[in-house]
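What follows is a pair of forms of the same protein chain, given separately as structure tokens and numbered structure 1 and structure 2.
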Structure 1
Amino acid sequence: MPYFGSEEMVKELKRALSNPHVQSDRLRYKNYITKVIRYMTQGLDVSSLFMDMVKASATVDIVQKKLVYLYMCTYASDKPDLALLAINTLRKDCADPNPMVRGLALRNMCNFRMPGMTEYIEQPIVAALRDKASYVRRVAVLGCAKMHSLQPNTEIDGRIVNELYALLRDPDPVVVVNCLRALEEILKDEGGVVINKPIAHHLLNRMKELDSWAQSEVLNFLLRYHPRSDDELFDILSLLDSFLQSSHAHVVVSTLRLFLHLASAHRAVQADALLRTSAPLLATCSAVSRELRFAGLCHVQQVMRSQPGLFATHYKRFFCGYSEPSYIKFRKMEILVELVNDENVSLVLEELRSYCTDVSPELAQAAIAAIGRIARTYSEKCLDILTGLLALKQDHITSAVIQTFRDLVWFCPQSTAAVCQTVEAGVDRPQDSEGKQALLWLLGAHGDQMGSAPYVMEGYIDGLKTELSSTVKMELLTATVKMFLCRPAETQDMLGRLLHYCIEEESDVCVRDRALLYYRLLQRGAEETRRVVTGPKSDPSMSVLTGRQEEPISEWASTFNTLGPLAGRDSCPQTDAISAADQPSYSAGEELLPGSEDVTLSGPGDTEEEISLSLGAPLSHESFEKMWLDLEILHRQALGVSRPRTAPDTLQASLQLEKIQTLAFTPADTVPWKAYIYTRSTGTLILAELLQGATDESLVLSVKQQPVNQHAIRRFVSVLKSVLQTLNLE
């Protein structure tokens, strides 16, 4: 092991390296140097050999030079004074007749990350920028960037910047791209390299000469360029056309991104580009490398947000293989859910059904949740499958199925009867707290349709002492109270026992408080309790927004081909993460209806990812006005829709359904028309003004917020937009 007796070893090496006999034998000398490098890469500190290694750099053997340079680069920052000794050798090498030696020396000199290097390297770099060997110029160009990063706070050297811009015309394509890369780093604070018309066209014309990496980078740089006219735009697009079919996935995706960006005003061009890249994207989804497959799937997912039909015929490509890693399987299932249509539904369901018995419980649960999502459209088939799964009597499956039932009933009230029948017919009690909560919610909300509900609940109340989770206890309280309201005779006794236990013996404060709340509420009478406790039994927003909308491409084009979508979510979305994604109004009036849904109470972790809006306590006119004057406008945008021609009441009601409260608006016929609205979301308050200058003009939205949370604003804008669009359709 390298760590034992390492000092001895270093001493021995030192002795050997300074031995004149060894030095005269080239081979033995090099072997010792190789040994030093080997120890260095194993994490052993060999920095004390620095002097001897510097001596070894004076050689004609290129490999030995490389090794010594590697050593010096690693330890230069620890021994800056000694490293200065090496610089002379390096500078001599920079004038070597062999271009490879010149390049090597220059590169390593630039890699010495130590202060005060600039004065030694500036002159060789500037000289090397005009070297006749392109290899050296490539190194020199990047050297400029390295030199800048050594002293990041100094003023930018205009001479070098100009030189680099001039080198964009270099005959060697790699030099050209390196110039872009270097300029980008040097000019980072000024917004990076400037792409004007001549540069853009120069780059476009040289695209074919570049290697795939450079192509991809140049395509990204070109995102900054805005063509002046449509003619120019189409010239550019036709030059880029062949790159949509490149054999490198990253070039295809970068080209597609540029297409979507440039043609943002031409829907047909965008659609055509998406269509043409669908084949290469699909090919990436079945690439040999699983990481590429994963990235391909993420990109397909993004494209599907606007063009769900594009991949519909290829749904079989998204069936999971047995040996695929779970992060791919999760993505594939998410895609499959989106691709379901009348023709393929039975095949897809059968496929998903076979994943439900997967060895990995997370995967099985995700598959069950996926079936639940499909059930919102094809209830009957899915319910059969889900019911069949209950018969397997596997604990994690049962729990996931019941959670899916709960979500289904919430989103799709017409399936309530069937679900109740199944649950009534007898299900195993789930053992985990998520499953227990789901079952209790079902019993509480729809106890009137299940004959045996009170007896199941009694079982839970009897086992209360052994129950550990406080969220389950709270759910049990709420469910029992709800049950009491519809079936008082059967429930009264057990409710009494439950409340007694929770108030007298329970140690958890939240549970006790909840029990006390219900107790006092019940003292006010059954009617009062009913008014407070019974909330909506299904998602009320469903009447406004039905079905999945096709999002405009601009919604996701800016994040296309970036790291966000790949790392954005946890790679194994839990079942409720999937369902929570579609529940913008879960926290509906949570202050009033504490038990309607415990998801919001189960901890901030659930809501962090997906932002939902909520109404919260109403805001007075005065406080709104004060805040509006105090805060600055954070976000302003033209919504692209005009004011809905509906009655003001309808507008107010529909906004309220989406948890946006209306404070005031001007009468319908005034010009300019204004409306003030507000909403809350995960701890922030969003205030907004809608303004319409002349009739039929687009609405302009100005948003203020406290405290700032950009995600919430984005969510708010998209919700608002969809409401207005829906109203305009009517």
Structure 2
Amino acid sequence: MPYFGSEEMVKELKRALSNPHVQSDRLRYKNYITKVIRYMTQGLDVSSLFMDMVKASATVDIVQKKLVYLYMCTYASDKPDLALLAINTLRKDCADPNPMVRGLALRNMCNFRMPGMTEYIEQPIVAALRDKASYVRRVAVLGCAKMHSLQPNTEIDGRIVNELYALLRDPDPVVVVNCLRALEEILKDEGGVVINKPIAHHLLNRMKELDSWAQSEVLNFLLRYHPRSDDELFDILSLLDSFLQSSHAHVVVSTLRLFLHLASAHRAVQADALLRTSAPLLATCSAVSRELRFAGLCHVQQVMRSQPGLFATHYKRFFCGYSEPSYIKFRKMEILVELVNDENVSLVLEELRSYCTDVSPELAQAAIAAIGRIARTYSEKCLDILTGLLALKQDHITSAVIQTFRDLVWFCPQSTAAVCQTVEAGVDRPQDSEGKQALLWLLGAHGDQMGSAPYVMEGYIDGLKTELSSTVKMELLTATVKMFLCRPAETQDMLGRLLHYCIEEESDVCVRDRALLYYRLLQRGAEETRRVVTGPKSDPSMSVLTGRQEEPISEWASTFNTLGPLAGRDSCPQTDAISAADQPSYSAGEELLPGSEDVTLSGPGDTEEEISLSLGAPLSHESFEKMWLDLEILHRQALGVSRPRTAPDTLQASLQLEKIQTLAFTPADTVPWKAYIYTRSTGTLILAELLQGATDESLVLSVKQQPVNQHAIRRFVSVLKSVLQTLNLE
């Protein structure tokens, strides 16, 4: 919307700019031009002054020229015909004796975003590429990229490309970096700029002449070069060595990424580079900028996947500050959980306990979940803290503690008695649905160890009409049926009332169907119901997934110093705990899916040869757990081979050669023995579990997949079986 009186102001300015007396007074003339720019930046339409402003560019005053060029670039698209008339003025300035004027005119002429501009700016750009002034060459190189962007679908001019490659040896370092940027933009569809041996060595030798941002950019381009010998490799690493201790964080991480990339076959070199950059990375985690601090924490967490003990002595650097935003605190708590050991567990738990009373409920619940993860290793110390938190009588804390108890019982069955004693001692009923589900699962799974369990459950049944969450109602149904199977006399009446309400009065179809299922199961008898409803109350073998094994650096090196770590592949502490209530319920008699015993997936006409396995991006332990629990088993069979007696590293390396990633496995003497593996194939992700019990002669393979692709499963089973057979022969 135009300003009131704007037309009169524009007319006044036009009269002033056309007045010969004003034009003869340079200071007064310049003030009017400044006033035009001020009105333009305030949103006033002053495009009608275009020709008067073009005339004002005929001056030796650099400041005035800049103001006029700014005006011309702003309104060139609105006045294309008049802008073409201004081209002659700019082309004339491109031949000015002053290099500042030449560069300024060329830069603004390239900023005219109008069709047909290429024929006017090509000749000045080519001439400026050979200009004696470095400033003009800098502008001309970037002008090549701008000229290409005006007509991106036209054929690439080989002459321009050759000129830019030649300018990579320009004495001005800024021109060199601008050439790389321009070539990358122009050759984008052909894979970008090519870095061969002469170019790579030239760039390495010029590194010290560049500023920090240019160094970072050149280091990223050098990722495309592969040394031809170890001697050349170590010569390059020697040239880069000093940049690992740069005072600029972005240079350090760019150099480290190049180190990890070039030394992929030399693990000792990679480990030494990580050790030397640990101090700069820690300094980044304490940066003034919150964004830089968060990026540093994400990269530290990524490094810890391969070097978990690298920052163990600096765990206090990851204590949360009072004024830090929540996203930084969440990330720091994730790192603290990974750094816990026998020496610092007491201090870390004390710090986390202080976060549990934070004014932010989300942060408090995340701290409680972090304590729960540590409790899988240090159960006694963490249980005392969690029990003490219940005395605070705050609903969000009570809910988080109960959810943590549920997960702790699932992963650490040795904690069951202490948890049941705490719950029976008088835990306040949580008000949110997640807390209610956790408490009901505990009552149903371990109600035989809690004397007051039926009476607590009866309170939920009496208030069923006011319950809004359907998931809570279904959990209540399951828990009541389980309670009935172990304590029928105390539960029979309330179970009858619950089933009657859910079948006759409940409006939610899912709840009603669940109630009908249990009603018909109970008609078949208690033993049949027990076989279907009751399942394992814990799975301690899965606790191996909660620990973080050392991963090869090559699994994450490609995403280092990118947005990958910042995107949060690993979930926050408050969401990474696996809900034990969501674990699949199956009995010991149902080892295989119906009809899937010793199933052979091969069939006529299958084209296994056309399908190959691939590694792809690595999965975190938390992501694997979540998908494993969410997906259904598509295939299960006995492989006919026993567990290899080779060393764990040998098994992992053999599977890696066949593009199968090993996530975790239990120790060799553990019964039952389990291993969790995964791979990718033709756009699908395959998750698998290998299981061998005390009485099993062969491994049992369970496969889950997303999305479903039976050909990929057949190929995976064939490759896996071949690897296991080969290892057993050895």
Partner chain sequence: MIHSLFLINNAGDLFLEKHWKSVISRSVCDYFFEAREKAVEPDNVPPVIRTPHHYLINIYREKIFFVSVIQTEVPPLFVIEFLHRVAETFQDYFGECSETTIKDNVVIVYELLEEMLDNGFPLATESNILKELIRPPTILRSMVNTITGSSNVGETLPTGQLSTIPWRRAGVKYTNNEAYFDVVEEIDAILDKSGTTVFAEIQGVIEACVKLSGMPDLSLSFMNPRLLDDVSFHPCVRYKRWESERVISFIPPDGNFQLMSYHISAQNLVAIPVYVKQNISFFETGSSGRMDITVGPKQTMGKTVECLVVTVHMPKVVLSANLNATQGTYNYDPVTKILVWDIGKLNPQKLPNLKGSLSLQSGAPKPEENPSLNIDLKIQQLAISGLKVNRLDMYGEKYKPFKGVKYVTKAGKFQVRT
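Note that the rigid core is defined as the largest set of C-alphas that superpose within 1.5 Å between two forms. These numbers come from a predicted model, not from an experiment. For numbering, take structure 1's sequence and count from 1.
> With both forms of the chain shown on their own, indicate which is the form predicted together with its partner chain.
Structure 1.
> Would you say whether E505 is displaced between the two structures, judging by a C-alpha shift of 2 Å or more on the superposed rigid core?
No, the C-alpha position differs by under 2 Å between the two structures.
> Could you check, with the core superposed, whether the Cα atom of A268 shifts 2 Å or more between the two structures?
Moves: no, less than 2 Å.
> Does S642 count as moved between the two structures, where moved means a C-alpha shift of 2 angstroms or more after fitting the rigid core?
The answer is yes, as the C-alpha of S642 shifts between the two structures by 2 Å or more after core alignment.
> When the rigid core is overlaid, by how much has the CA of L629 moved between the two structures, in Å to one decimal?
Residue shift at the C-alpha: 29.1 Å.
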